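Single chain ahead, by itself, as structure tokens, in the form predicted alone.
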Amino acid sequence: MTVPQPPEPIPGARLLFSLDPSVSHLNHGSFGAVPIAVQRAQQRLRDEMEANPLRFFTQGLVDRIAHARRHLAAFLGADPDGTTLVGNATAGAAVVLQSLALRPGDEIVTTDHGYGAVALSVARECARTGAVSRTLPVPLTATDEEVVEIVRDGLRPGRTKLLIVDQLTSPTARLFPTAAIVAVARERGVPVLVDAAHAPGMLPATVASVGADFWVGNLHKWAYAPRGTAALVVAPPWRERIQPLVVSWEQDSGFPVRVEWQATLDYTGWLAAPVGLFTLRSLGVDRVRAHNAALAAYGQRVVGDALGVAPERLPEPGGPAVAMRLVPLPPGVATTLDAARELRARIADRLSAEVSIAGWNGRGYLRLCGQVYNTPDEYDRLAVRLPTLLAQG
């Protein structure tokens, strides 16, 4: 079986970023990369803020945030009145969890593909309220139908107060059938929080098409917004129950403003986020999605081949638009969090390549991303050099 051909590069796309050219940046999914035009827009806003802080914060800032929110919500296919801006997906999940008024014996259900920081937030809320959490194991090779059945069998109507499921999983780069999962949960009267940290900009599905009670996604990954820009979308029945993590002066304004307003936060990233969407649209949203997904698939194959992983054993992401791919590492390599961090640092230091390494269910995985600033030769170089580095232990 031949390696898939890499996509044609998008002319000039690499020049839109200020990334160090001596490093292969193959892990866009962790912290993103902010285009130069967006950096400059945010800096102009910071200059405005520092020129007269009192004026900036007290004259129209709430309305400016609302304007940015409406722009971002339209891109996401979300109701702007049900959308609030937060720092990241984990923060949005924490807002939802502490707004549920959980009681002893209530249950939160997750899968074993969930993001670690969200799991920590669940654990904290359970310790605080007496609720319990339960994790549903989902095989990496499970079909969409099997995933839905696992969730269906794992819910306990009346006891399960929240199901948290990822739209695109972080540790395993797997696209979950979230709309079908939400439908099953709704039949059982269980509200759903969809952690869509990687969805905005990468996946074509709109928030409305998912239909979750709560949906949270980062715009600073695949939608080119400044870091610290995410959207929490809440269905109408829940909006007045949502409370901020910290009460501030806009508390009486209700949702969504009371969640957004945290006094002296630096809001310039949110205000500059629409420039990121402009950059994405200028390149062509569909064009970028197709390019990134094809490049990630190419990288998975060449690195997988170099490590001796048969093509049929390379995990499938579950959809053609996914721009993150997994490569299984040799047995015993990077199976723990500490070992994964150590290997990631060695790859960065010795191979000048930034990648993601995660241990999941006793196996180490390398996660590769594709982005418009990447080129096929970056994956080729990693494929040539990685086996030697792994052999050195």
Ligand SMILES: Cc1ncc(COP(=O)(O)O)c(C=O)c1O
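Residue numbers here begin at 1 and follow the sequence given. The structure presented is a predicted model; accordingly, all values stated were derived computationally and were not measured.
FYI, the form predicted in complex with this ligand isn't displayed, but the following is about it.
Using heavy atoms and a 4.5 Å limit, would one call S30 a contact residue for this ligand in the model of the complex?
Yes - in the model of the complex, heavy atoms of S30 and this ligand come within 4.5 Å of each other.
Hey, in the model of the complex, does A212 get a heavy atom within 4.5 angstroms of this ligand?
Although this ligand is absent here, A212 would stay clear of it in the model of the complex, with no heavy atoms inside 4.5 Å.
Since only the chain is shown here, I'm wondering whether Q300 would be in contact with this ligand in the model of the complex (any heavy atom pair within 4.5 Å).
It does not: once this ligand is placed as it appears in the model of the complex, Q300 has no heavy atom within 4.5 Å of it.
Using heavy atoms and a 4.5 Å limit, would one call T110 a contact residue for this ligand in the model of the complex?
Answer no; every heavy atom of T110 is more than 4.5 Å from this ligand in the model of the complex.
Just one of F176, Y267, F255, Y115 has a heavy atom within 4.5 angstroms of this ligand in the model of the complex, so which one?
Of the listed residues, the single hit is Y115.
In the model of the complex, which of the listed residues (M202, V233, A296, L168) lies with a heavy atom within 4.5 Å of this ligand?
Answer to the contact question: L168.
At 4.5 Å between heavy atoms, only one of the stretches 182 to 190, 89 to 97, 242 to 250, 134 to 142 reaches this ligand in the model of the complex; which one is it?
Among the candidates, contact is made by 89 to 97.
Which residues in 198 to 232 have a heavy atom within 4.5 Å of this ligand in the model of the complex?
H198, N218, H220, K221 sit within 4.5 Å of the partner.
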